[in-house]
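This document opens with one chain alone, in structure tokens, the form predicted on its own.
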């Protein structure tokens, strides 16, 4: 039996607790939140006995095998490092941290441990996304769009020092999906965007084009200027040697048009959350490699930082990874 504790009992806490409740061989042992009433409520809803407001209680508990860090983004850095120092497996919701330097420190700490560390990039686990990736063969280009309705100014994730805003918070999802679809590493980006309407001063809308090492290109449109009426909040297009595919309506509808004459629509469901939880627990149980390693979180964060830097300085920003595994950014103006 794998015993799990959650740090952060808001929307993500409820979502992951629901997924874990469906999985055999796992027990939700404790819930923690700085607002202890949220932890208490989650425990009540999922028949969990132990709750607390001090995450130290989780790290010191020898019964806890794995910790889900679902706290505010500004708390991720400390929560992740303490989880790893306590010798527990770690699931970390995106983004890894508020800034790239902290994300890279988490990755270095993860490399020094034998514990399993997984980043919560749920898009990788959607069955329809995997189907789309396999349909097109060698990929040529991808376009990912994540457009939300305007975020409230008092929402913690929309604060510079707590969540960084929509582009950072949700953009990493889209950046990672581009890498996953195009099966390559980004080498450069040029972007346009900035702070258009949010009074908190965050970068709220961004349009970025990435060049990848295999010659493919990927574009990412992310922001909170309003949800796309026909496509929905999440949508993407992918083209390759075998044809093209389109995904919309939160990646639950797949359109396929292949060069062999195939033309059809397939429907699915938002199964990413459950499948990523299943993969994490199975990897711990069977001592497998991480289903989504921490390096993916670092690169996604680097891609968003590079795109924001590009937009702010009107420059192409080059992206590279050195021998130590760190991601480096270099701006080039013309």
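Residue numbers count along the first chain shown, from 1. Because the structure is a prediction, the values reported are computed rather than measured.
What comes next is about the form predicted in complex with a small molecule, which does not appear here.
- In the model of the complex, the small molecule stays beyond 4.5 Å of every heavy atom belonging to residue 5.
- Interface membership of residue 174, defined by any non-hydrogen atom within 4.5 Å of the small molecule in the model of the complex, is ruled out.
- In the model of the complex, the small molecule sits within 4.5 Å of a heavy atom belonging to residue 9.
- Among residues of the shown chain, residue 73 is one whose heavy atoms approach the small molecule to within 4.5 Å in the model of the complex.
- Only one segment in the set 75-83, 110-118, 186-194, 128-136 has residues whose heavy atoms sit within 4.5 Å of the small molecule in the model of the complex; it is 75-83.
- Comment: the small molecule is not present in this chain, but in the model of the complex one of 145, 169, 198, 216 has a heavy atom within 4.5 Å of it, namely 169.
- This chain is displayed alone, yet in the model of the complex one of 65, 33, 295, 61 has a heavy atom within 4.5 Å of the small molecule; that residue is 33.
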